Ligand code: NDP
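The chain below stands alone, shown as structure tokens; this is the form predicted on its own.
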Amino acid sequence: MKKRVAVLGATGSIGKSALEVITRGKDDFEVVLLSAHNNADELATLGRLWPDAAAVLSGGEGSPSQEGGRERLLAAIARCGADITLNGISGAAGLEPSMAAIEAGSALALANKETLVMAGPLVFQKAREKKVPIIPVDSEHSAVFHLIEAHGRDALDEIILTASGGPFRDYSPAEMETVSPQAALAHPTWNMGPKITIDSASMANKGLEVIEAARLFNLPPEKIKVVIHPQSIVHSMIRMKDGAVYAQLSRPDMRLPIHKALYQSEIPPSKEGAFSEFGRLDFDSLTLTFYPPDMEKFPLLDLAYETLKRGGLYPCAYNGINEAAVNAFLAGRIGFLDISRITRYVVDKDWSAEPGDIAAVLEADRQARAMAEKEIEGLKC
């Protein structure tokens, strides 16, 4: 029987990769739902390729024809009957769709790290109630997930997340003062959406991944390390209590972790050829380098650790503030280094309350963005 799959954020980079994996495994999957934020033309094209799938446009705020798009998406998730939902939505907008998928009893293949950064304890509580798995799709967390599965949790000492360092890893702070959005979007190894690419340039993305890892693997901050690895070949490592280190290596290709999440186990040998190039390495000219991150040059990584230690709504605020500041940078309203300055200033407010429900999380997100916007406006004075 084919596995019924919902693909959220189907026109983005994660969604496109997922649909390629699904196409290659067409005998194993049935697409039941496709969603996009505001790319109506591309969603319509996908709808013609998968005519039996519901297609929902969730964005287009301000357009009378798109009023209620968010509600339509949540309703479609609830009724589509997916066995597994791949959430490739960008940013905080992915939280409610993740919760809707879990509520509907669907396994969740999660590429939207904000879901766990903003509301990890609430998300896992709901997943336990519904008895559904949450399978990480971020390449780093997918690597850790499968390494722990292979080598055992009891002997685990720490996890090591790798980071490319982004396009500015060799820049001085003075050089980063004047970088343009176009320069920040030129990632050296990955092809990703604009928000995550800017976050990679500031290392906020790795900070969000540290928070996500703490919640996925139930580890304290000091057991999650970050190392700069410019080649993006080693996606993560685990260190065992006996000192042994195990790593997952593959080319920087999101189809591999998506494939692992959708299948949830190794595919039958007869299918191997269909996916043979996913992550396939050529060792003839391979060089791997590693060095520690510069926390002073990239303060958003250090700040993520701080928010994780503080707990409460601090991680949620960190995400919302950074998201607002990144949008302002992409719009040319602030400079690149203003992203970290604004995030630090606003996150140092009081976010210590423990959220009792998703509504409280969303309200904190709204407040954090409003405070960030006030600081952004102040920079223009």
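Don't overthink the numbering: it's just position in the shown sequence, from 1. These figures come from a predicted structure and were not determined experimentally.
Just so you know, the form predicted in complex with the named molecule exists too; it's not on screen, but the next bit is about it.
The putative spot formed by G9, I14 and A93 is fully lined by the named molecule in the predicted complex; each residue has a non-hydrogen atom within 4.5 angstroms of it.
Contact annotation: of the candidates A109, M203, I77, I89, the single residue with a non-hydrogen atom within 4.5 angstroms of the named molecule in the predicted complex is I89. With the partner removed from view, the residue among P194, P167, G120, P221 that has a non-hydrogen atom within 4.5 Å of the named molecule in the predicted complex turns out to be P194. None of 308-316, 37-45, 330-338, 343-351 except one has non-hydrogen atoms within 4.5 angstroms of the named molecule in the predicted complex; the exception is 37-45. In the predicted complex, the named molecule sits within 4.5 Å of a heavy atom of M254.
Contact annotation: H229 falls outside 4.5 Å of the named molecule in the predicted complex, judged by heavy atom distances.
By the criterion of a heavy atom within 4.5 Å, H259 is excluded from the residues contacting the named molecule in the predicted complex.
Within 4.5 Å of some heavy atom of the named molecule in the predicted complex lies at least one heavy atom of K113. Using a 4.5 Å cut-off on any heavy atom, the one residue of 132-166 that reaches the named molecule in the predicted complex is D138.
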